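Read on for two forms of one protein chain; each stands alone as structure tokens, with the labels structure 1 and structure 2.
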Structure 1
Amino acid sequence: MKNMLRYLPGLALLTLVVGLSAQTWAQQVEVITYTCRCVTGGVNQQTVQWLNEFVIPTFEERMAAAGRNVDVQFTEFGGSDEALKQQYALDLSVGRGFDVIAFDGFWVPEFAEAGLIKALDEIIGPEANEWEGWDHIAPSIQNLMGFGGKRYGIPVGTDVRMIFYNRELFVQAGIPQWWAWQPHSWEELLATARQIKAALPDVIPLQINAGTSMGEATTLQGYYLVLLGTGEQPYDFATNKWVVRSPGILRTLQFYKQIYIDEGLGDARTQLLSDARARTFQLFSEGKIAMLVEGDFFWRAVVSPTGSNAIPNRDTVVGWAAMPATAPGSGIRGQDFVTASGGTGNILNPNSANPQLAWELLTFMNSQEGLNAAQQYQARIRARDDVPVPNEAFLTVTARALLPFTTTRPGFPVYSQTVSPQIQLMTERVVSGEFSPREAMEAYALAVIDAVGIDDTEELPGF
């Protein structure tokens, strides 16, 4: 008993040391937070799986092996893109928010100019420009998360836009070469729509996004692809001015009028509903729309066998074609076909208490290893050129075919604040029959001039 008592002080000291070590380890937990528009069982559910099953556990294990106790706390957001944008603006304006934030490249100029976000090298230092991944991301793709020549985030991927069509409906309507249909002009596209209307009166031949309820989907998937086919775009990079009146704008609006008003080749009411985009997805999946102009998101997340509007035999039923210019060679840069690309990625919160750890998480997510893992949950066109699209012939083929033709949106805050919303309103006024194409163009011109000043706008001759 005496011998045991002799060792008790030492045991007590050892217990105290062990206890203090455990307490010190617990006290040194480094918490890092992340959020994205993604929900288990809902929108972008594959991203949730990738984060929970690969990114978070693997990153925490790697940190533990390096002697760091890291806790990645992930918050799902199930609201709309606009609601998420508003939440970000509120959080960042008061110095709060998540450490790493999923971000639409479309928002970067507006947030950067407002001082709500900072360039990566301003937050991290020169190290941010030395990341190995930049050598595997084309400058044009890097610009999707950039503004003013600076990198504000790392893009996850990009996309392309095209015409999706229902092969079964094409067969029923007697469309030639239904298995690999490709119009080479607007007139060929309209001729196909007319043939479908005559043969299948209960089917909507062609939907091209229009109206305000679709938001940016109207601008990028609809108006942009039509305007590019005229050889124009909203911003003239040669003169650094916004084009507010032009033959291309007028021809684009006349095309909308021809489809929705004059010939009834599209359903105007669907475009004006508050749930317009969801409605078009549903109608296409039900075989009630023959042709729909959309982005590759439609293929991989909407009509995929596990998508929100699944078509179980999608690969057999759904075909695709490039959007033609008005005529061969008349598109932007003299192209026969046109498309547009956007992109999303992740940024660092300039208010983060641990920016270095946030940077480590961000670069791990966008490493070759991280994105190869992401491809196992949802195959898509990734930003890195060393991350192939596995077992997905559609994305491989469309990326190879369309990316050489692509155009991106002007990287100025006024685009998202004024120009794009006014484009949406312009198309809505025509599709609803409220305004003629010329009246709608004039209203658009006045709104943009009011926003940016007449010196930063121009009109092209011939309209």
Structure 2
Amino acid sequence: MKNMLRYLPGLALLTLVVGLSAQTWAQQVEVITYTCRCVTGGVNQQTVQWLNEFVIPTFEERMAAAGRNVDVQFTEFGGSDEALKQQYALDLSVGRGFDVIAFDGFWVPEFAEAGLIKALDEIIGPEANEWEGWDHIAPSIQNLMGFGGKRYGIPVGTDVRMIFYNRELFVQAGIPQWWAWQPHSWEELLATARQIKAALPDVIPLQINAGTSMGEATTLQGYYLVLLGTGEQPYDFATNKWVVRSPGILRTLQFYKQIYIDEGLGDARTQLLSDARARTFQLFSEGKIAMLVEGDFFWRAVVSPTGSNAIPNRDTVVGWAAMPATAPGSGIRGQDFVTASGGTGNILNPNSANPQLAWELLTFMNSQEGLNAAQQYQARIRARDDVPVPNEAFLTVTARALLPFTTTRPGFPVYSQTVSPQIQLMTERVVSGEFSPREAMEAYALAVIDAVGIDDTEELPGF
């Protein structure tokens, strides 16, 4: 033992060899990998349960019955949506990644244009278009996972956004009609918030997502729902240009400023935390936020009695209202109320070593049988019309009330690459008090013009 270094390199080499050879060991089984942003004990834990208790064992069983030894390896991804997107982009750009991956629909254009993901019929062949499920999914919903007229994945479902409020706090603050409260204008919404602030000083009256930490949750359930109420959208579909300076943007930012800065009706601090969204969920479930603008995901996965921030008597405590336009009739398309929809689904990795098997797993997950099983874990509006929503009054009612006048995001790569992050930055600069609404809009305009070129942008008069 004179020279212990003699065997140090040898030992290291041995570990290297053992480690490397362990990888080439188990080859007889057909392995298929899957990942989604879902963790046991987290907001999407029902998905984990569905996968572990139904999808994986059933699929492996069926394959075994057909004489194939299939091993579905499922990896739970913990972290934000942005972190997941980062992982996918890096994975796919170097030809790696899981065989089947959960994917947010609004990433599809950006990834498809870079060739990182491919249309299903390019990977599988024409039979991808023959799948029985397509007949049961409305084209508009199919389009949530599409780009350039091609299908890139199978959508799981769609959603709607609204104001959730805490009835118990409303009662304490003496809000009339606390059981079915519905503001008809921004002014009515603010009036309720002011009443809560006066009556319950320890409660945050109203949270509308802002800031970069919330990611897309800021853009879609925050900024969009306010901006749509002014009658505008970030993208002008009539002229095919991005709106960079407009009265609507300015009013939206002024509304943010009024809530977070001028009147202190919302808590800007919570919006800026690195775990802003999780913290917000927690505060709402603890009865410290009276009104929160969120998607129906909040109802079914967060405050649901089996959710991550469970409110055991959710159905009595949590009420919902549609987001009003600035005034009746002044919303987008002349609407009184506004909402926005997105969609998530699953796509195939074009680099998969076994695309046919991946496709079989994907279609099994999205079969009528598969989705009916999923409804047992978490009832929601499914993409397939032959999968009914089990007895869930909330989902049925909100879908009927809000889906008809919903708005979806523009399906261009630059939306997720630049516009949406710049929107988040713009709101952050306003609610943190760094910029005035006008300055923030100007910085936004410069950034978007820089990204898309001045010819693809426009100003609306009157700001």
Partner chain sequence: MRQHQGIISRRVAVAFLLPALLFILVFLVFPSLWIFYLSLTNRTLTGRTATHPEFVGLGNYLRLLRPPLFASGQFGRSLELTLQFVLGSALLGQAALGLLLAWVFYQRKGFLKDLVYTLAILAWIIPSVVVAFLWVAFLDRDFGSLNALLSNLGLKPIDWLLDAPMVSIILFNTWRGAAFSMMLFSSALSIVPPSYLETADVVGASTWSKFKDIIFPLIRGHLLTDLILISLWTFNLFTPFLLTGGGPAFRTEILAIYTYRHAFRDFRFGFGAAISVVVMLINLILSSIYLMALRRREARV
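Quantities reported herein were computed from a predicted structural model and do not represent experimental measurements. Take the two forms, superpose them, and find the largest set of C-alpha atoms that agree within 1.5 Å; that set is the rigid core. Each residue is numbered by where it sits in the sequence of structure 1, with counting from 1.
In this comparison the chain labelled structure 1 is the form predicted alone, and the other chain is not. Here Glu76 counts as shifted, since its C-alpha moves by at least 2 Å between structure 1 and structure 2 after the core is aligned. Annotation for Arg167: C-alpha shift under 2 angstroms between structure 1 and structure 2, rigid core superposed. Superposition of the larger rigid part on its C-alpha atoms leaves the smaller part rotated by 11 degrees between structure 1 and structure 2. Shown is the Cα shift of Val43 between structure 1 and structure 2 after rigid core superposition, which amounts to 4.3 Å. Comparing between structure 1 and structure 2 on a rigid core frame, one finds that Gly133 has its C-alpha moved by 2.6 Å.
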